[in-house]
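As structure tokens, one chain now follows by itself in the form predicted on its own.
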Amino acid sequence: MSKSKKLKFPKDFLWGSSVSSYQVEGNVNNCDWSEKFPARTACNYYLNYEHYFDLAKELNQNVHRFSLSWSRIQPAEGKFDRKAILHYRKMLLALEKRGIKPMVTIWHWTLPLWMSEKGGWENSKFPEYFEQYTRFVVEELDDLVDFWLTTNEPMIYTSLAYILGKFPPQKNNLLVVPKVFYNFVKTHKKAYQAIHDISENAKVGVAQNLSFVDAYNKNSTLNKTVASAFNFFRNRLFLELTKNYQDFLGINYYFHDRIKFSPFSFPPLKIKNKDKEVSDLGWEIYPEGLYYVLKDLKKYNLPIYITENGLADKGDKKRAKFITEHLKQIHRAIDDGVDVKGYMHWSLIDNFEWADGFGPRFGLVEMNYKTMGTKVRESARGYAEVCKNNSLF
């Protein structure tokens, strides 16, 4: 594609970036992550949000995705902290003042200690606890929220927390996975209904991490069948079970899963990407996969927002190209009739990257964690021009 060709995006397309509470807020000490994976002051976003919102505005962004901290808002069972919810209200008012639409995630991977001690996502009553929390925050904040996301990446969290044991509660137990998965489905449905009980016109979705799945050996019927099954469980199952409870689709795209299957090797199923270009974390950069993911979602006939897409790139050597190439694929999907309405880069600022700590650098804005100083990266300036002009090139 010639660089001289301007790719114009639809009118009212939303441009922005995303963060999550535990990764940026700082001083969250009452949750299931805080003992084994302390984020300490992180980016001090909770207290210094106006500075970060000013940066988003400076970079011509008109949408900002952030999450609420359940442990701040409900520090104990049955006890809600009005000071905390009023603080989030101030944050929403600050975004409104800057003309930036908020997309609010109700749960992004951390649980209050009291909920964790009750078994977290394994507790059969979890959907009811979450519904109570959801009703409280929506009743307090809905007049200032443009989009709600009930949860973030249900399948990824289930895998990392209950199969690989990397995230709290750090279990390796396939037997509990069906229960956790069912709770995610039920939780979203109950939260969706609760939000619409309070606000009939609310826009509600889920941030789902979808990968592009294909077969390593496209001439093998067995390999293609296994890849298709992997794709169904990895990408489609949750969506199929919740498709009537989503007003829009929130899509996080990072991964290409090239499935190689051999019944005579161990493990029989492997992901074998070509890895011609990778991020600092070794994740393959594969923009074309986003096009195929979006094309596959067209049949659901729902608006789509890219709620996360980014890479760890400390030297800021690949980010500009990464953004450009992924936006080309989004534009290609739009040309083919896919209703994509917005793009949020991950992340606005460098942050605490979960079990990987402060090492990976995903931010459009560089963080100095010692001084809390910030520096806008060169790639962010290029993205800011796209946001300003609503076009690529």
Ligand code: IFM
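No experiment lies behind these values; they were computed from the predicted model shown. The first residue of the shown sequence is 1; numbering continues from there.
The form predicted together with the ligand is left out here; the points below concern that form.
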**Prompt:** Quick one: in the predicted bound form, does every one of Gln23, Asn152 and Trp346 get a heavy atom within 4.5 Å of the ligand?
**Reply:** yes
**Asked** Ok, Phe80, Phe322, Phe181, Trp283: which has a heavy atom sitting within 4.5 Å of the ligand in the predicted bound form?
**Response** Trp283
**Contact residue in the predicted bound form, chosen from Tyr192, Phe130, Tyr254, Phe248 - any heavy atom within 4.5 Å of the ligand** = Tyr254
**Complete:** Of the candidate stretches 184-192, 168-176, 102-110, 120-128, the one with residues having heavy atoms within 4.5 Å of the ligand in the predicted bound form is 102-110
**Item:** Close approach of Asp313 to the ligand in the predicted bound form, 4.5 Å, heavy atom
**Value:** no
**Asked** So in the predicted bound form, does any heavy atom of Glu353 sit within 4.5 Å of the ligand?
**Response** yes
**Asked** Taking 4.5 angstroms as the cut-off for heavy atoms, does Phe362 touch the ligand in the predicted bound form?
**Response** yes
